[in-house]
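First comes one chain, alone, set out as structure tokens in the form predicted alone.
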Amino acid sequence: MSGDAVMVTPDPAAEIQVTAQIQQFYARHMQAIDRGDVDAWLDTFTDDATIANNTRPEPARGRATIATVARRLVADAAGSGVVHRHWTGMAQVARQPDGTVRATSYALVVQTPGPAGSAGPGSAGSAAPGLWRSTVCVDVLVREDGRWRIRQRNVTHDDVR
């Protein structure tokens, strides 16, 4: 067998544990932004994180820039009287040789207008939720201080070509 690569089989229990950790990470991460807790949401990113998406020409680089964008989005939703709920699913979690995790998932954002009489589009008497965004999200996560954090995020909006 000389010269042949030796394939290492991952420990199934360890893979299940990492996948469960990542699923819990996303639950905390998305619920923080949905309740408008931008600081808790930002704490799930590394200081040098980047977020790129196909709706902007340049990625947001660093936690300070990401904070500015996140605070504006939260304020815009509140000012419009809408509630956003992020749903992340169909996650494929892959541990990388360098210790990072690549997580690919679908992320849907449901938008619900506020009660009748509140400001914003679609709020005149109807509180029916609707799909606001449909995306594919690819994150690179790292362990930092015993916790998972996002180092890189790439979001592809399905309605943008």
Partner chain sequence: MPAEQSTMPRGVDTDLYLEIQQFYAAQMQALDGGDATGWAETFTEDGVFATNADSSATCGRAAIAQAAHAAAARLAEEGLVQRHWLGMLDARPGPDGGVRVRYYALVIRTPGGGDPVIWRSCAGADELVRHDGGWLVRERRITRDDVG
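Since the model is a prediction, treat every value here as computed from it, not as a measurement. Positions refer to the first chain, counted from 1.
Not pictured, yet referred to below: the form predicted together with its partner chain.
Annotated contacts: Asp48, Ala64 and Val140 are all free of its partner chain in the predicted bound form [non-hydrogen atom within 4.5 angstroms].
The closest heavy atom approach of Ser105 to its partner chain in the predicted bound form falls within 4.5 Å. Heavy atoms of Gln23 reach within 4.5 Å of its partner chain in the predicted bound form, making it an interface residue. Contact annotation for Leu42: none of its heavy atoms lies within 4.5 Å of its partner chain in the predicted bound form. Thr19 belongs to the set of residues with a heavy atom inside 4.5 Å of its partner chain in the predicted bound form. If you take 130-157 and check each residue for a heavy atom within 4.5 Å of its partner chain in the predicted bound form, you get Leu131, Trp132, Arg133, Ser134, Val136, in sequence order.
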